[in-house]
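Heads up, the chain below is alone and in the form predicted on its own; it's given as structure tokens.
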Amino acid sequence: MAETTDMIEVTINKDVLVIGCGAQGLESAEAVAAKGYKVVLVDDGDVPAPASADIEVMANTTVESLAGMTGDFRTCLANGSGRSDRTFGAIVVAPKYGLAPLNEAYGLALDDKVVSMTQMEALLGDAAFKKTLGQGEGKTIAFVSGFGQEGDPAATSRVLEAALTVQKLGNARAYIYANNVKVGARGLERLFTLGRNEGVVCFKPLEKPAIEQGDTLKIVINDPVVREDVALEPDYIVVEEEVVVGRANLDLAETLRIDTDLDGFIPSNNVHRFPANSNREGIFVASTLEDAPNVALRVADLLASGVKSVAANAAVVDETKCTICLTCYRCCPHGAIFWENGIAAISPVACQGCGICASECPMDAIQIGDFTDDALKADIEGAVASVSGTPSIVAFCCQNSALEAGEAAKAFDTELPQGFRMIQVPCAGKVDVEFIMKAFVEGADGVMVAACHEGNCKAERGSTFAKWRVEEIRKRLETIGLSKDRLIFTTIASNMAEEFSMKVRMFAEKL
């Protein structure tokens, strides 16, 4: 059971660092400045002049190092003039990615007639080229997209914008060959409708188009509507592009200690990170222009007037037990741990109370304020003692997912075994060996650790730590004469009450 939490007020720096001066970086800087905060905008290249006088610009500058915590990020900014140490309360990352044409996926070589999306956008910015496209009988331009990679709204937007521009040039004609037209972003459905009304033709063949490249170009598809081959000899073919993560983005993520997804994109592919969060409180991500307002709101919510009310005991270190082994520092998914007066210290602003550090600490030197070890042990004793039927099952349920699913299952009168009891934990990563073995010692017939699905864990790696521990304990159970099947690990989402009930019933039947 969660204990009462005392609150304290912490003074935090109100300056904001924005890294990256692409469109989303500039927009975010302006939005944050409009909230009344001083902004420093840095970029490793040139920086356009911002509209707001509250934005300080540092061109050709990189973030060489980062120390400190949320509300007190201490950075070293380096450029040709030297290095300067600056402190910020929050950081906004506006990542810049490269683009690579996927012509080889279509068996094509780039030339003056087969061009990348970037090249065509540049050509459509040239008045003379646009005039040539629309003269006489006009030129035909074919856009191919979504067959070299899975499409996305950003790629769709570029294709639709370019096709609409072409179609408006007198007699020019635009054709789109798309595996899937992703219009799930603001304004894309309207843009698609505008293009169709202007005469843009969109094919969605079931297979990649067959394209011939020679003196003339030829595209052949089997149209699923008319059920026959349809051929086109366009004047230009525009091939899609993939987004490429540069070394600079990876280095920046490492410097800031923020997670990327498997392809290196920032932030990680976690539902709790969208639309503007990273795994570290106070470091926000503006991946698109649409993220800028969200970033500004998150910054204002964090910094407010420079004073933040936080839990005094979100995580507390016992200085008599800490041996500075660095375990907590390495495993904290939120970068909330630093060193102070020779022992580990945990920032009350940055800590999100997941409890992974407490469970991984070999000296039991860390306690989570709302979920101390003593409180959880008492919960275990109470849960087992309250059971009247058999089998007796103790389920450690993450409060962000499985607990909500379990509560919903009870509220909807979904069938659950009579001997089933749930214990609330801040994250499955807080469930350590001692708690699981305590449940067995108290008399539980079975123990379940219910965590978040992959990519849905608020603590990013809490489910991973919990799964490792369960696997290790299952091996130990066999050595002491207990069936390993008395302990299971499972994942569940907060809206899966029926599946939660089903998993518990199946577990009870095996016991």
Partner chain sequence: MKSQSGKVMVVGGGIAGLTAAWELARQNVSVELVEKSCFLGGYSIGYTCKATDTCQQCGACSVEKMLKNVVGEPLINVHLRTEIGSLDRSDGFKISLKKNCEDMAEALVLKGFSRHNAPLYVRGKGVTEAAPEGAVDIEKMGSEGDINVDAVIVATGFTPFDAEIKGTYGYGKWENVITGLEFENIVRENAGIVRPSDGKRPEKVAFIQCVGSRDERLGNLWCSEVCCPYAMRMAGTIKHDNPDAEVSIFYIDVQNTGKEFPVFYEKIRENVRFVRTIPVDIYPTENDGLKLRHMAEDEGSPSFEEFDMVVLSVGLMPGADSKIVSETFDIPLTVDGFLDDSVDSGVFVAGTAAGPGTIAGSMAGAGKIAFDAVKYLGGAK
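The term rigid core refers to the maximal set of C-alpha atoms that superpose within 1.5 Å between the two forms. Residue numbers count along the first chain shown, from 1. Remember, it's a predicted structure, so these values are computed and weren't measured experimentally.
There is another form of the same protein, the form predicted in complex with its partner chain; it is not shown, and what comes next is about it.
- Under a 4.5 angstroms non-hydrogen atom cutoff, its partner chain in the model of the complex lacks T327 among its neighbouring residues.
- Among heavy atoms of E404, some come within 4.5 Å of its partner chain in the model of the complex.
- Proximity of A109 to its partner chain in the model of the complex falls outside the 4.5 Å heavy atom cutoff.
- Under a 4.5 angstroms non-hydrogen atom cutoff, its partner chain in the model of the complex lacks K321 among its neighbouring residues.
- A heavy atom within 4.5 Å of its partner chain in the model of the complex is found for exactly one of A312, A411, V230, A100: A411.
- Checking V10, I488, A23, M496 against its partner chain in the model of the complex, a heavy atom within 4.5 Å turns up for just one residue: M496.
- Only one segment in the set 80-88, 350-358, 299-307, 211-219 has any non-hydrogen atom within 4.5 angstroms of its partner chain in the model of the complex, and it is 299-307.
- The partner is not shown here, but in the model of the complex the stretch 154-183 reaches within 4.5 angstroms of its partner chain through a heavy atom at N179, N180, V181, K182, V183.
- Once you line up the core between the shown form and the other one, the Cα of D373 stays within less than 2 Å of where it was.
- After superposition on the rigid core, displacement of the C-alpha of D413 between the shown form and the other one stays below 2 Å.
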